[in-house]
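Just the one chain here, the form predicted alone, laid out as structure tokens.
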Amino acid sequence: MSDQFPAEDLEDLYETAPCGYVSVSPDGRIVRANRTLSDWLGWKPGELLGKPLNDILAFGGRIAVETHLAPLLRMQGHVHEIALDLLTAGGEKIPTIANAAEKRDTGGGHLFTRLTLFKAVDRRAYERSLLDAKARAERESRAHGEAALAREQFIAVLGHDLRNPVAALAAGIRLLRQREQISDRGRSILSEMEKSAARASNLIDEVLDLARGSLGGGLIVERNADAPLTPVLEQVIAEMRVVAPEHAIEARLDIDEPLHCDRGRIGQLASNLLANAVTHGAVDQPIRFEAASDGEHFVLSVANAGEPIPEQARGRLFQPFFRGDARPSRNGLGLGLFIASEIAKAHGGSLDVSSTAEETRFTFTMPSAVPSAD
């Protein structure tokens, strides 16, 4: 051995190794232990000699030795990576990982058992964190399943138990109007009832879309190019002109028909954007409705004059139930822009807003090409 690399001091290597060494006689008593192990356990060098191995094992460690380590040693002569909890002189536990091997004489007689012990505090903590994470994941999975069931039940209630009675009321109002002799006062009352039933139906539809879009996996759209979109948008604009005659609506439609989309949903998006413009737009300035397409994109926008949207509010416009400074006359649930945004996403598009002192504009953009079957 060269002077640069002197011979290793084997005794010091044993005593100060970064692991614990202990040798145990066939009757289970400690016959040798290194200083590292003594320091871990809080004993002075030499004080462990003669002690039963069980004295430095926690209860779980004793069980592991009796039921696992000792039988395996008798069968195969060695054991690797057995978890053993040691016990310090002060009664504290030290988790370790042990490797063990038997030393036998030429005749096969058992002389002693050697154990190498490695502290496993961090490893045990990691294992516990994995077990905790597994248990948490299982709880969350159960909770998710329960939430999914509750969601489906909620949607069923909206779709049947609420919407059907409202539809029955609307049908009854129409029958009274058509077939019964009713005074002018009665017709006025029926008209108000009809508006209320329509409003209730719209609110139910909005909450149903919320359940599908926010609580479920997104709105379902049925895209095809079986019919033109332009008549649907023209009807939406005509209806809004009747509902809000005080607002002038300027429309420009230049759509390369047919457009591959869900026409009903696009009509709903347009209606929600127009209703928002009517609610917040200046009455003395026209609302500008534009829809156009080319070979790549379909773009629909609604613009109005009026107070600009505060910058801090723009990031929340497409969240459910956000109403901003909605007027009392149209104090809905605040779902219109959220649903419009979800319709845009379902078409692979986006809904954006810009707002200045001159104009507030909502713009829906989507690919006009037929999506790939992939």
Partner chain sequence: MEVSAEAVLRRNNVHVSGSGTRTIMFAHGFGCDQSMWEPVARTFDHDFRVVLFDYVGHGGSDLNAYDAERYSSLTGYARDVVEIGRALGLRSAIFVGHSVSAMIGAIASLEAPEMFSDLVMVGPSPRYIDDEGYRGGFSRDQIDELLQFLADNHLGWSAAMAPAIMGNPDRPELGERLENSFCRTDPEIARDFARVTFLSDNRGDLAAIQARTLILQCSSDIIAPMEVGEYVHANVPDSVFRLLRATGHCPNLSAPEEVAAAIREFV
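Numbering follows the first chain given and starts at 1. Keep in mind the model is a prediction, meaning the values are calculated, not measured.
Keep in mind that the form predicted together with its partner chain is missing from the display, and what follows is about it.
Note on the partner interface in the model of the complex: the residue among Arg223, His280, Arg288, Lys93 having a heavy atom within 4.5 angstroms of its partner chain is Lys93. Checking Gly172, Pro258, Gly77, Gly186 against its partner chain in the model of the complex, a heavy atom within 4.5 Å turns up for just one residue: Gly77. Taking the partner from elsewhere, Ala58 is found to have a heavy atom lying within 4.5 Å of its partner chain in the model of the complex. In the model of the complex, Gln319 stays away from its partner chain, with no heavy atom inside 4.5 Å.
Residue contact check for Arg62: one or more of its heavy atoms lie within 4.5 Å of its partner chain in the model of the complex.
Contact annotation for Asp27: at least one heavy atom lies within 4.5 Å of its partner chain in the model of the complex. With the partner left out here, its partner chain still marks one of 32-40, 345-353, 305-313, 66-74 in the model of the complex; by a 4.5 Å heavy atom cut-off that stretch is 66-74.
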